[in-house]
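Just one chain follows, in the form predicted on its own, and it is written as structure tokens.
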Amino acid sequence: MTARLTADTAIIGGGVIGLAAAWRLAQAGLRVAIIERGEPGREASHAAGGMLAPLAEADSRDAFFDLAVAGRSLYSRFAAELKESTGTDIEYRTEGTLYLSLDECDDEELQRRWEWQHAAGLNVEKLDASFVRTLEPQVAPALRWALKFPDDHQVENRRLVAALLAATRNAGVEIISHTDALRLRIENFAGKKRIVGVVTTQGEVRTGVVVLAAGSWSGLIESDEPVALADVEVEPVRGQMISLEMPMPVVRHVIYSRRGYVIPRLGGTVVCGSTSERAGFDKRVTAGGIAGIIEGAAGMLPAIRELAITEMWAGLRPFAGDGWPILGYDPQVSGLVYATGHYRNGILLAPITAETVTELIVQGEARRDISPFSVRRFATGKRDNGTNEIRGNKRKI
């Protein structure tokens, strides 16, 4: 096949993970190409809510929680750098997140969260109902109390995509849109496997490094030789969302509960979400999904019922078996780097994933311990029989 181009690094996937990694790698002086099956940033990144909320969503402290908090800490500088580079404001907002208790079950959930986070010295505040209403007068009459997470922020994810797209282009990244990555070209040299290129529907991209950042589509690309991702299915999980007009200031904070969340936008809307559905690659919006979202949002903010609908949509989140991202080198194939499976946290983890991928490729190792996110954790050790048998010289990864 005729080579389309040669790059130092080829990134498969043009969502926020792939775009952010491409930007950082290009800043480090590498020739970078992005291979994107559609338009860059139009899949999970476009469909997200933009919350940067590791404390609101964490049940305990573990390696993933620490990664998420570290990722959140990069956002202020990340947003400022994007604005300086592109002129685009990604609407990084710091009002914080309010997690509401509306019944006894909520009380138990919030109390557990308060106890472990307070004991860990994290920035969490316990607020009574009357004080919460001074912050957000529109909260439901059933409000009992709330937790406030002052450091759990938000960005406007679609503006983030636009900024990253402009930044990558300004940095000289080659973006190959509407092009499927068909197969990883892997060859054996002196008994070792290494990446030599990517076969696409538009020709071959010759490269010694591939970053697999294709989200829910990561496992659909073939490979000349077995790779570690074959041991795990990166599965799409559909998330439906709805946007509503906000002619009056209904909320300033992100409002969160076990029923869902409401995210205020500067442009005069609120975004409400979300479902988590195993529906394959079906991105259709359903009446039941939207009805459930509205019911949950109205339980927190009754005024939601009076707002006009501006948009409804669904996206596919990449879920990798345990909900943690897959990050780092393939243990068998030199030059193959994973940056996928970010599930509900692609926006939050984009800056730190990009930083980590750049360190791996440029310096040979990451400053942060990323071993908990290695694809090795899915290894079955049974590649020679059963459902993991390798037939022929290529397979889906």
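One-based numbering along the sequence shown. Bear in mind that the values here come from a model prediction, so they are computed numbers and not experimental data.
Form predicted together with a small molecule: not shown, discussed below.
The shortest heavy atom separation between Pro331 and the small molecule in the predicted bound form exceeds 4.5 Å.
The small molecule in the predicted bound form is not approached by Pro372, whose heavy atoms all lie more than 4.5 angstroms from it. Using a 4.5 Å cutoff between non-hydrogen atoms, Gly335 does not count as a contact of the small molecule in the predicted bound form. With a 4.5 Å cutoff on heavy atoms, Leu55 does not count as touching the small molecule in the predicted bound form; it lies far away.
Partner contacts here mean any heavy atom within 4.5 Å of the small molecule in the predicted bound form, and among 37 to 45, 62 to 70, 23 to 31, 362 to 370 they occur only in 37 to 45.
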